[in-house]
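First, one chain by itself in structure tokens, the form predicted on its own.
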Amino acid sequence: MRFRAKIVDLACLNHFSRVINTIAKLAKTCTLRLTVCKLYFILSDKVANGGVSMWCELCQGNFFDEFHMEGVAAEHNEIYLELVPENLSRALKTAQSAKAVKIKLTNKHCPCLRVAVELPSLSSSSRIVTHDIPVGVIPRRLWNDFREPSVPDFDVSIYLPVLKTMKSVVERMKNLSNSIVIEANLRGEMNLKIETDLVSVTTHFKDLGNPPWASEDGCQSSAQGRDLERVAEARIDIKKLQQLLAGQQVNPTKALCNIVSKRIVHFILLHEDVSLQYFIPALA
């Protein structure tokens, strides 16, 4: 089992850094899955127990100048590691003006991701700062626990308003209640509301648009044959929503959410070379 990679391009390095910062704000520990073409950051708290889950996918070719890996076996050419993303985020903070960053899986006393940051120096020799980040190697028999979460059959799918706007609304509301209700319909309307014994506050968004989703037979099915006014709603933990919005360091080109009434809210944030899915279960 081997892995080594190198980033030389500063823009790619800063972009990678921002992605890791976002992950670190969403998960204390997560699973890093390495394949030949992609990296995945996975958090799979059991949604049934009220945990959130996350699935973030990056194409390695958009970030790394060199990328070599050999998985556990020829037919299972993948590596699954458990790590604390905050540790990786910290290591990359030292790399903001680096000439190159190398990441390598090593095993001295325990398995580690070694992040070697080559910094520019005034003399001819360059300075290298090394961080060893402990990781756990996840055995093959447990890999099935980290498959991509299936998207439940949702009642409404809607584009999100500007995330900054949504974030400031949610931050104000979180001082009033621990939970928030997200409502949406197929007319591109969405409400964020909180209701307590003392106060009821609703913010309305209109003209957000609803994504066209391909139906089973491959035709684009949008809202045909569905009641456009019908509202789907789910009450979720406001802190988990705020965490998602506050963690966004990568401005997505598309952001949408799918609501399964009273069961789950599934957020999808798409960037040219990163996609992040985030599932927040509804509260009873």
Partner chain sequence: MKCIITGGNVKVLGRAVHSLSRIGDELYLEPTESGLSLRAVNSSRSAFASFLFAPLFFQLYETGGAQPDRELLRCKVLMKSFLGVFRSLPSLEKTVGRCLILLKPRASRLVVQLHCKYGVTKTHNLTFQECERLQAIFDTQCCASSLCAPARVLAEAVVHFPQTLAEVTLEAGPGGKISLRNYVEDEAEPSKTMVTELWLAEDEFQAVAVVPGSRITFCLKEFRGLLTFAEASNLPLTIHYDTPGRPVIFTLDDAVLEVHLVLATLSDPESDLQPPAANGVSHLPGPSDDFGDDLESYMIAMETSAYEGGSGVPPSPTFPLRTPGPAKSDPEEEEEEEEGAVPGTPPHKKFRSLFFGSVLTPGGPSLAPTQEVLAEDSDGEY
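Keep in mind that this is a model prediction, so the values were computed, not measured. Numbering follows the first chain given and starts at 1.
One more form of this protein, predicted in complex with the partner chain, exists but is not displayed; see below.
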Checklist entry - Just one of 130, 107, 175, 150 has a heavy atom within 4.5 Å of the partner chain in the predicted bound form. Which one? => result 130
Checklist entry - Within 4.5 Å of the partner chain in the predicted bound form, heavy atoms considered, which of 121, 196, 77, 168? => result 121
Checklist entry - Is the partner chain in the predicted bound form near all of 185, 187 and 243, within 4.5 Å of a heavy atom of each? => result no
Next on the checklist: Against the partner chain in the predicted bound form, would residue 203 count as a contact residue? Criterion: heavy atoms within 4.5 Å.
Outcome noted: no
Checklist entry - Taking heavy atoms only, is residue 191 within 4.5 angstroms of the partner chain in the predicted bound form? => result no
Item to check | residue 125 within 4.5 Å of the partner chain in the predicted bound form, heavy atoms | outcome: yes
Item to check | Partner contact for residue 90 in the predicted bound form: the partner chain, 4.5 angstroms, heavy atom | outcome: yes
Item to check | in the predicted bound form, segment of 130-138, 99-107, 204-212, 154-162 with a heavy atom within 4.5 Å of the partner chain | outcome: 130-138
